[in-house]
Every structure is written in structure tokens, then in C-alpha cells.
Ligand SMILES: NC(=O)c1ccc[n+]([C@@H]2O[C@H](COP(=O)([O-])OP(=O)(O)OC[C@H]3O[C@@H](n4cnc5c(N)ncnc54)[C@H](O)[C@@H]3O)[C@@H](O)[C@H]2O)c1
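Here we start with a single chain on its own, the form predicted on its own, put down as C-alpha cells.
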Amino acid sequence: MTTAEPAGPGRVLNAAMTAIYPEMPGKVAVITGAARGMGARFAAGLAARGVHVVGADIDGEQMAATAAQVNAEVAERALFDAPSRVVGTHIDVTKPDDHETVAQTALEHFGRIDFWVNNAGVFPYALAGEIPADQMRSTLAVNVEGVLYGAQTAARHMGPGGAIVNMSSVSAVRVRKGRGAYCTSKAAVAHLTESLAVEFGDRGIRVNSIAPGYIDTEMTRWVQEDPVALRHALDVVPLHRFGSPEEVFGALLFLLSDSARYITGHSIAVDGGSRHV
């Protein structure tokens, strides 16, 4: 994976990354939280490489719009004789039955499931001494239980060679003031990933996670618009810039590919080195 753009301090590198995995076309992926943000980027990136995608989101209307947009882009490029398709559907990741419904949608449309990306999540704010009970419960329900239910469903329908990727965060190992519920949930995701990898290994299914740091998304827009917060953020990132969704997608693509076929139970940090500062 390469980019021709130089990396200056504070700069976000949004250039497309080149990665060719010839085994990808024709595979089928489920992505939760795919209506917008990182999940939408994942769906578009996989579809561009010939992977059929079932995108699921609690905002079913926006998910349908995102699916239509990606399908139009794929059709315009026409990189493959049989273009991939994105199917949008609704999911509440806190409900196990919703995951099964999404899996059945994938099977009805494409006949198989090869990849499952547990991307849906929430990012609440409250100082540690003020975290309300409902915030902690809802955060763990979405960010942790949602991952568990997705992985359980994926494992029921995948054969050997299947790959599950969970979204953790650099916050799993670094404290962010005011994000106690979020940090706790992402630490749980990182450890849950290891447990799933050990138990699903008997089925030939790999389970890994990605731990993004400061990435240029709506979730971090407030940091970039606050000069003091931005200066602090860049100071704790050794590469002194925010990452781009494209760079997170590069890690995802690798973990799903055959190039990572002997990698399981790991968390890949896409954080510019911030977890070490």
C-alpha cells in the first residue's frame, strides 16, 4: 500500500492507497454501522474491489441511500465483468435477532458470508464521576454486546477461512478524559477479540481488531476546530497528523485478505504511534 503524497505536520493524507488482493472479488462482507463515516468508507472500499457488501445500520434510510450511492459509483467504474453490489438493511446491534436477520439477508442475496466487520459504535461524553447508569449500559450494549452478537452470528454462517474484524480504539489502552464509558467498552472489545479468536480458531475463523487513533471523521471534527485541542492531539501523535479513513481501511483490507491468513487475536493500531506517547 502506497501513497505519493508527502506527510507534513498536521496534514491528513486522503489519497487512495493501492492494494491488490486478487482473492477478494466475489467474496461477501457484512458491515455494521455502514450508513456513514468509517463504515461507509469500508463498504465503498470493499465494493470497489469486487466484494459484495451487506451494509447494516440503525438508520435504515441513510443506509439505503449510502448503498445506492456506492452501487452507482461501482457501476460507473465497471472494474469487473460482474460488478459487486451493496445491499442496505436495518440493524439494532444490541438485538441478537437483528444480526441473524442481516445474515439471512446476505445469504439470500449472495449465498455466503466470508467477512463480518463489527463497526457500529457510540462515543458518549461524561466525566468519570458523573457517568449516568443509562450511559454506561447503552455504551456497553452497543460497543461490546453488539460485537459479541455480530461475531456469534458470523461464526454460525462462515466456513473455514472466514474473517471477523472488530473496531476497538487506541482508547482501549489510553485514557481520554470524559470518555470513561467509551474507553471501558473499547478495552472490552480488544479483550473479547482475543477470546473469540481462541475459540473460533477451531472452526478456521480468524478474529482481529483495529484500534484507530485520531482519524479525520465527524467524531474528531471538534478536535480539529479547537486550536488548543488540536495542538495537544498533534503533540501526542509521533507522526504529528490525523489519520484518514483511507488509512484505517488499508488495515481492514489487509486483515480480511489472505495475506493475513495466519494472523488472529491481534489488534492493529492505526494511530500514528500515539499509544506509545
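Counting begins at 1, following the sequence as shown. As the structure is a computational prediction, the values presented were derived from the model and not from experiment.
If you look for the form predicted together with this ligand, you will not find it shown, but the lines that follow are about it.
A.B. asks: So, in the predicted complex, is Gly213 in contact with this ligand at a 4.5 angstroms heavy atom limit?
C.D. replies: It does: once this ligand is placed as it appears in the predicted complex, Gly213 has a heavy atom within 4.5 Å of it.
A.B. asks: Can any non-hydrogen atom of Val93 be found within 4.5 angstroms of this ligand in the predicted complex?
C.D. replies: Judged by the heavy-atom cut-off of 4.5 Å, Val93 is in contact with this ligand in the predicted complex.
A.B. asks: Indicate whether Gly37 is a 4.5 Å heavy atom neighbour of this ligand in the predicted complex.
C.D. replies: Yes, Gly37 sits close enough to this ligand in the predicted complex that at least one of its heavy atoms falls within 4.5 Å.
A.B. asks: Taking this ligand as it sits in the predicted complex, is Ser84 in contact with it (heavy atom to heavy atom, 4.5 Å or less)?
C.D. replies: No, Ser84 is distant from the partner.
A.B. asks: Which residue, Val102, Leu196, Ala163, Met167, has a heavy atom that falls within 4.5 Å of this ligand in the predicted complex?
C.D. replies: Contact with this ligand in the predicted complex is made by Met167 alone.
A.B. asks: Quick check on this chain: which one of Val74, Ala120, Cys183, Ile205 has a heavy atom within 4.5 Å of this ligand in the predicted complex?
C.D. replies: None of the other options qualify; the answer is Ala120.
A.B. asks: Partner absent here, but in the predicted complex, which of 153-161, 103-111, 124-132, 167-175 has residues with a heavy atom within 4.5 Å of this ligand?
C.D. replies: Within 4.5 Å of the partner lies stretch 167-175.
A.B. asks: Looking at this ligand in the predicted complex, which residues in 129-150 have at least one heavy atom within 4.5 Å of it?
C.D. replies: Only Val142 sits within 4.5 Å of the partner.
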